[in-house]
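Two versions of one and the same chain are coming, encoded as structure tokens; call them structure 1 and structure 2.
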Structure 1
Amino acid sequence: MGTDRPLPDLATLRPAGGKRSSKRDQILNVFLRQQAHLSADELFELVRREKAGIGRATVYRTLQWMVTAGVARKVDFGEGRSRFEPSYRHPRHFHLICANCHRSSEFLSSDVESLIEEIAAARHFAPSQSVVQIFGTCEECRTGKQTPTIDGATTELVFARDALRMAIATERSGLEFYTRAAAMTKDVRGRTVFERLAGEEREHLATLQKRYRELIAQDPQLESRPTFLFFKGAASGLFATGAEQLRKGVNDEQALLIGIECERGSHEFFKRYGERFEDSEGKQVFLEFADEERAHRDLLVREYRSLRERQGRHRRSRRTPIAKRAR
């Protein structure tokens, strides 16, 4: 398990501020291979087991340095000593901590993050890091029965799974939006655009689902593992609201504008989230999806311009069209 996980390039991770060092690399190496939250002393033990002659103080000093360098993050579960975790994978994440078995499990929540940002902004506070810890009793300690978990070895997979789930939900909602928009658009060209987008969504949906199935195949338990990434907006968000607006009745132009707005928002979201993470399948999914959304938006924008132009031409008498291709 796990030792074969691709480690990030040490040179990249170790920023300026210290000498090349030999021992540091040793310690860093051992540290990065771990998947649990280590205490300084546990790390010391591990290091000494691999190579004798490294002092405890050095481990402490190296940990300090790793934290200031941003390679490691210090977490405090209230045990009276600090634990450390590599920070390269998920820049921000939060913890569920079982008061009984002392194990911790991680999660991401873009909803919590944005609330925190809002609150900080309201207080004119410049946030640098936030800690969210939910203490309580885990399912296993409560019911006794063992349930699939997310450990270091599976985090990547689960993250990818959740990214895909979000993308699929958004895609579904987009498909519904475009289908509805196509059905109600009067302008022929506009309708064609919506139909084309609906088609693309359908196609891409199929791709995503295939990819999802492939991912699932990598770990038979993957689907039953707990949610890692919480985000309420994916399915119930932009496109759903857009479809809602369509239902109330709008004209062709408005439908296009709504579509543009949805794609823009969706693109922003996926891009922002995708950029937050280190290389991984999940990041990939986010970024690809962001790209697709932008392409769609561009298409809609072109169509919107064209519609306006044709309307303008019609409204006046007839003028020579200037086929301006945006990009």
Structure 2
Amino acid sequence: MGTDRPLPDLATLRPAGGKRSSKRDQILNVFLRQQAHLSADELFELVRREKAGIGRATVYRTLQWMVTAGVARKVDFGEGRSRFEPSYRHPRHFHLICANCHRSSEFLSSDVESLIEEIAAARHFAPSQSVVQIFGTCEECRTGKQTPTIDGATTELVFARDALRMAIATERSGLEFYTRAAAMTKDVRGRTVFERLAGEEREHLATLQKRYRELIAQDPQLESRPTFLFFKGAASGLFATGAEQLRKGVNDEQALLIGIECERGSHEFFKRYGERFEDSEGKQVFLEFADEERAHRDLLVREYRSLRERQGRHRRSRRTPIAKRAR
């Protein structure tokens, strides 16, 4: 996402035993700088503008090598020719393809990914690549209504927007969880921890909302552009389930365990997806949030262990006088 970042060391993309080729490296360099899904002919034209001595056949062979090496993905948008997109440091995503205008729209969904992984595991299958393409008719072709799109210039902004929306939803659900936990916890130390975390959630929420407003100001159409990240659980806040459990009534120990589980799940979610993207504001949001959730998880784990230890001492102190009387 974005064309101004330094390209990776081309040697790291060469498969084991692959011979060095200056022409191949030049073609690869041009390919990785592009935002669009390129056909072989389109890539050849781009390469020819920079290096006239590279032939069409060389470009075709290099494209096939890139697909085999896992550097590029081959996609078919139903227009009678294959197109290619970078897969290096671009997370697995899926396409909506209009059969009328052949335009495509990308999206990333943890729910679709989880289903693919579940099916592959059930069949003891080791997938190397998955392609999900949904063909149909886009809104513009169906109704004539023009809608904001996601192009190369706005992809990074849309990703950052969706990442911030998820982080904000998670902070809101976390604030509700810790506020409710603090109100119902009888243990003074545990209540103090929950109040502290509620305060941090409130502060972080204000910071994220400010970042969101600043981001939206960069593109008047940004809020209405199509969603790129479809993460069902994160979209409603990763603590929503935990807050619902509190409403049913739990003790102090159970409240801490629920909080630990929520923080662990949130940390793993944001870290997992943050590490899949190349450098961008969206990636930064995910990884910053992952670090924050890990720190909260560790604090809750320490408090849970302390509570168990205090409960153990209390039980022992209650048994001691009885034992003395028995003697």
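Only a predicted model underlies this, so the values are computations on that prediction, with no experimental measurement involved. We call the rigid core whatever largest set of C-alpha positions still superposes within 1.5 Å between the two forms. All residue numbers here refer to structure 1's sequence, counted from 1.
Participant: Please match the form predicted alone to structure 1 or structure 2.
Facilitator: Structure 2, which is the form predicted alone, differs in this respect from structure 1.
Participant: On a rigid core superposition, would Asn29 pass a 2 Å threshold for CA movement between structure 1 and structure 2?
Facilitator: After core superposition, the displacement of the Asn29 C-alpha between structure 1 and structure 2 reaches the 2 Å mark, so yes.
Participant: Return yes or no for Gly144: a CA shift of at least 2 Å between structure 1 and structure 2, with the rigid core superposed?
Facilitator: Where the cores coincide, Gly144 shows only a C-alpha shift between structure 1 and structure 2 that is less than 2 Å.
Participant: When you overlay the rigid core, is the Cα of Lys51 off by 2 Å or more between structure 1 and structure 2?
Facilitator: Yes, its C-alpha moves 2 Å or more.
Participant: Would you look up how far the C-alpha of Gly80 moves between structure 1 and structure 2 when the rigid core is overlaid, in angstrom?
Facilitator: Taking the core as reference, the C-alpha of Gly80 is shifted 3.3 Å.
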